[in-house]
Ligand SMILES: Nc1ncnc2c1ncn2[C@@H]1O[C@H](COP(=O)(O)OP(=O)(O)OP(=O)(O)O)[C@@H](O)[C@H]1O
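What follows is a single chain, given as structure tokens, in the form predicted on its own.
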């Protein structure tokens, strides 16, 4: 039985849940953020889920934000207060995310005039729902959402066997759940995301594995196939179809029959071949080059790209009818490594364990262990921790990697343009360099009597080695930044960026233009988190409101910045 807290100004949903979802314990509803914070503090760690209403008809003084000075200073204070009531649940969710970012929350409303989709996703709600005026349907919808979220929190079954690390955030678990459903269907799947985010791995090891198709998995990177050979490569060719076609050859559609065909970089497909692929999706048939006979195509199609297909459709580079047949409504975008900061510590552990199993690193670990009389690492993952203090001697015969906080910070703050592919390669080199000297010079670095070594089981990952490996990859240190496109965090925590100076009507205008660039770049770097910006600028994460006011004074439209981030 799970414990669920309802935050609502009425008892309607509480009574509904008690009546129809009696398998869980529902705490009496709290009416505002103050009461919610009090209950969550008193019941810390025992609340499994929160159901949060959006509209709150409560006294003005109970509404968030607590400081309403700026709102009430306007011409229409009454309307401003009413807007707060209409969206009070979202203000509460914002505060909940700051105090308890991992607490699952379902946002719900029975009002069809309150659009909650975008804000729910922005504030990282696990789910949201529009309830109907029907107790049975509403209870059924809520039960399904509740059970799905609780199952995710307990840990997805079989995840330990998957090479793609999903993480623990609601966004990644939601993506995993949707892909599990789409994999079993017949419709195509579009995977979006930057290079190195794991699109091909996901297609092969997750989608194909769950498609329940008995045929093979066939992958084609269309960016590597010459345009004049692409038709033959996809559809096959009959002997004599063109000069050089001395034999008949099957295409990848035939090779993937009954299985999954993964077309990477789908944007490289010519417009003519896009029409041919459209016919495959519409009719399930195709003709090899030079043939008059049709063949049946029975494949699960997965396509991937790091380009903006919608923009390509607008520019006439990609057929709109093919785009619509590729099932864009369910397109899945894989986040970059820098977008997964909430999972970074566990991602680090997963990838360190993975690279430690590589043949060369595994051999170094065995040599290190044997030299020092430690347990030789076998199938168990090598533990990883972050901190200045050496971990406790829970098992002092087992090797343990310790990342100095500075090492961890450098890894976490790096831009990783190659994403997980680059991250994994970097960590492989890092583990190798951290081990090789300890192995080759064991007689120098260890005491004559192994019993005198205090903690031979601990292998520190030093900031110096991290920085040496990272320096050649950091373009910002070797090339001038003349476009002001990024903010680089220096080793001492300071921020460096380039700005564009243009003449203005006054010195103040020029100064404001420079400050505007800086604030916009910080907004992008810290993913719109005003609290983190305040921490950088004022060393006070609670001063996000001051940062917002200054951005408003400079004419920076936060809504436009947020829309620009979503578009990426």
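Keep in mind it's a predicted model, so treat the numbers as computed, not measured. Numbering follows the first chain given and starts at 1.
Keep in mind that the form predicted in complex with the named molecule is not shown, yet the notes after this line are about it.
In terms of contact with the named molecule in the predicted complex, the residue from 267, 198, 174, 383 that brings a heavy atom within 4.5 Å is 198. Residue-level contacts in the predicted complex: of 165, 286, 368, 128, one residue has a heavy atom within 4.5 Å of the named molecule, and it is 165.
In the predicted complex, no heavy atom of residue 213 sits within 4.5 Å of the named molecule. Remark: residue 306 counts among the residues lining the named molecule in the predicted complex, judged by a heavy atom distance of 4.5 Å or less. The named molecule is not shown here, but in the predicted complex it comes within 4.5 Å of a heavy atom of residue 552. Residue contact check for residue 421: one or more of its heavy atoms lie within 4.5 Å of the named molecule in the predicted complex. In summary, the region of this chain contacting the named molecule in the predicted complex, judged by heavy atoms within 4.5 Å and restricted to 198-206, 81-89, 226-234, 313-321, corresponds to 198-206. Taking a 4.5 Å heavy atom cutoff to the named molecule in the predicted complex, the contacting residues in 327-352 are 340, 351. Note on residue 556 and residue 415: their C-alpha atoms are nearer in the predicted complex, a change of at least 3 Å from this conformation. Note: residue 547-residue 413 Cα separation is 3 Å or more longer in the predicted complex than here.
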